[in-house]
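Take a look at this one chain, the form predicted on its own, written out in structure tokens.
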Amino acid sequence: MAAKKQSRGNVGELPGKLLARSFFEASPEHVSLALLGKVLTHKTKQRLLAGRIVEVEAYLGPHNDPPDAAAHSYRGPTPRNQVIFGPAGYAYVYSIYGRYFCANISCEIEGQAGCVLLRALEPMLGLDQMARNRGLEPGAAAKDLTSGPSRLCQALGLTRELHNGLDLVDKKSPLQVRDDGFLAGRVVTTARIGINPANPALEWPLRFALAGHPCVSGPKQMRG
């Protein structure tokens, strides 16, 4: 009965407790590791959608030595990336290929850029709605719902227009990160995925994932 209730994802059933802003006021590497096992929630008018964070990537600001050439903040603040130079704990959502989205969370103190890319979730609440959002049949495999940064945005209905700049630590925000007491266990650390082979940051070990989790994205040898 409890599992069935979770799958419906009724509005109002927020799991755990809301994270504080201080949680995100640290380096992206530190925040990345701490985020594993936390719960991302999206409260819509119809459903509460939620998933456990099982894979992330850290992107460092231009104050890092050396600067992270793979980060959107590499060349300084612009209208597009301003969120990641602002206060910690805000959603930075950007589009790729003109039709998909990726969701990040800003880190560091205000004025110092840094963010964490959400790469994969374990679906927890609202799985039927996630499947519809992805154009899949009810009962679709969890990894087909939220394994990969664009898939998880599609499953949770996240877009730049509606969600970029939302405060994830505001109790009134429809998009939040919460702690339900889950312990992450063993973590795998690898190079980030999808970095240009000519980029000097190609091999930086800034991708973190729960070891062996079926929802982790990327090649099998990178899942741990």
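When you see a residue number, it is the position in the sequence shown, counting from 1. Here the structure is a predicted model, which is why all the values come from computation and not from measurement.
Unshown form predicted together with the DNA; subsequent notes refer to it.
Report whether the minimum heavy atom distance between G194 and the DNA in the predicted complex is within 4.5 Å.
Yes - in the predicted complex, heavy atoms of G194 and the DNA come within 4.5 Å of each other.
Counting only non-hydrogen atoms and a 4.5 angstroms cut-off, does Q129 reach the DNA in the predicted complex?
Q129 lies outside the contact set for the DNA.
So in the predicted complex, is the DNA close enough to R160 to count as touching (4.5 Å, heavy atoms)?
Yes, R160 lies within 4.5 Å of the DNA in the predicted complex.
Answer for V169 alone: is it within 4.5 Å of the DNA in the predicted complex, judged on heavy atom distances?
Flag for V169 set to no.
For the stretch 105-127, I need every residue with any heavy atom inside 4.5 Å of the DNA in the predicted complex, listed N to C.
Heavy-atom contacts within 4.5 Å come from C115, L117, R119.
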